[in-house]
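A single chain comes next, written as structure tokens; it is the form predicted alone.
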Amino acid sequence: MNNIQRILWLLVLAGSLLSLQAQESKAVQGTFALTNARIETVSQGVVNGTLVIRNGKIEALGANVKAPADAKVIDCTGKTIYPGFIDGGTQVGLYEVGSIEVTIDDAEVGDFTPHMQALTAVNPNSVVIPVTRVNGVTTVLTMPSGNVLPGSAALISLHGYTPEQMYAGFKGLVLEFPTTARPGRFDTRSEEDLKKDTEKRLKKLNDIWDEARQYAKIDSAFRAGGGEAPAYYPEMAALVPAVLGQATVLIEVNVSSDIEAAIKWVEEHKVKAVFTGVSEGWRVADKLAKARIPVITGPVLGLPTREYDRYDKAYANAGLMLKAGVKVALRTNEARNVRNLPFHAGFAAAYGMGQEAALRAITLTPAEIFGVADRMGSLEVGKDATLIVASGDPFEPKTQISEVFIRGWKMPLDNRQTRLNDEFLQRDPGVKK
């Protein structure tokens, strides 16, 4: 694509977005009373009664709560209120159309870009966002990818006009741990060469970490008035909080032997770690539990990692780790199908995790892992009014979401897919007989 074609395409895209936005309904803020509801708090069991939303917060909930005189009443008879779902790993807002390069902003050039921030690249106007919301997913971790240290992931709420408005209070440095797994069948390296390459990448990671630790010492001495300022080095400055154990490092690791190596690496370097992916966590669940490292696993709707494994190991992985004592949250690891998070949780529930634990794995548990459980993840007085109203079990495809609130804003349920459905369901070809 040459520059002229790129400019023309961007003009067409801008026009399409303006047209699309003109058709979309607006979110509404106010005081709401959701009455006659079954309220699944997650943290304090089930309550039957009324939930009141005011100033973006849950003002009251319970059996004896009355609707305030100034509240808009929404009758939830026969329905259940749940906390909004949290996806622990996506590329929402960073990845739009796979065949159009200018709509993809999840990776930078190079294998060492820890100073890059996913939040700055988020597109609040992504057509994926309203599609995702209507299935109950209200908050996601959006992650950079592509190299060893690709940058920082950010937790975002799926409502806002700017990335800063969407920011939900957590950032974590992403680290792709050196792996012994082959990227595909085209990889013809011998086992010995594969091992050597992995050792080489691990040595490079350790060298980077040691350099960052030295940079932190120089920077600390300077700030204390005892030395010269370190040279401008944004990559190293971005690593300082991580090497000092002050920032969370999201370590992507999947093969069981790599998980064991990552546990050892975390212990040696005293890293505040969360493991992501962890598709073979069930093989070393006891070691993960002993290390007390939280896990964000998924996709659940996947294939076994090895040909000789049972077909359902991907479904059962989360439950097996939880049973061993691992703190487990779920993710889709998707860019455009994040709306399917409830169904990933449903499969995890059916294959050993249980419904209550699976619900917690997409609400309160990820909120705890990200350090934002004081504001989201469960329905409690004083927390953000980020919640959904459903006709039944949210893990069932037949369940309908009738209301979505994000930080007290009542979200519209129309989106590109609903409009296409309305357009073509009862289409009239306009041909006269």
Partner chain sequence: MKNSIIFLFLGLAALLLPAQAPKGSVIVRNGTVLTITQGIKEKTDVLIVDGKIKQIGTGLKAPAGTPEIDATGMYVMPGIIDAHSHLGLDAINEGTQPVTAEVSTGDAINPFDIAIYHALAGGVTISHAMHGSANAIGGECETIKHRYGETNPSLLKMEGAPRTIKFALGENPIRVHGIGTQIQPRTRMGVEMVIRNALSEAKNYDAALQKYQAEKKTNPAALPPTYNRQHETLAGVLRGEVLIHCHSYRADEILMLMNVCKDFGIKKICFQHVNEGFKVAPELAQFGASASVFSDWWAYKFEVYYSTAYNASILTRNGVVTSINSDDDELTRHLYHEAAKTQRYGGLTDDEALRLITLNPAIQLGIENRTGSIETGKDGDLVIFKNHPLSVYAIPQMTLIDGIVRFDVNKNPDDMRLLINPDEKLLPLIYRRDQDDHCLDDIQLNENK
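Since this is a predicted model, take the numbers as computed values, not measurements. Residue numbers count along the first chain shown, from 1.
The discussion below concerns the form predicted in complex with the partner chain, not included here.
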For this session: Could you work out which of Gln214, Thr305, Ser220, Thr120 is the residue within 4.5 angstroms of the partner chain in the predicted complex, going by heavy atoms?
Result: Thr305
For this session: Scan Ala247, Ala324, Ala237, Ala181 and let me know which has any heavy atom within 4.5 Å of the partner chain in the predicted complex.
Result: Ala181
Exercise. Would Asp105 show up as a contact with the partner chain in the predicted complex if we use heavy atoms at 4.5 Å?
Worked result: no
Exercise. Is Asn421 one of the residues lying within 4.5 Å of the partner chain in the predicted complex, judged by heavy atom distances?
Worked result: yes
Exercise. Does the partner chain come within 4.5 Å of any heavy atom of Ile100 in the predicted complex?
Worked result: yes
For this session: Check whether Tyr311 has any heavy atom within 4.5 Å of a heavy atom of the partner chain in the predicted complex, and answer yes or no.
Result: yes
Exercise. So which stretch, 367-375, 33-41, 47-55, 388-396, is the one near the partner chain in the predicted complex (non-hydrogen atoms, 4.5 Å)?
Worked result: 388-396
Exercise. For this chain shown on its own, do Ser25, Ala60 and Trp409 all sit within 4.5 Å of the partner chain in the predicted complex, going by heavy atoms?
Worked result: no
Exercise. From first to last in sequence, which residues of 32-71 have any non-hydrogen atom within 4.5 angstroms of the partner chain in the predicted complex?
Worked result: none
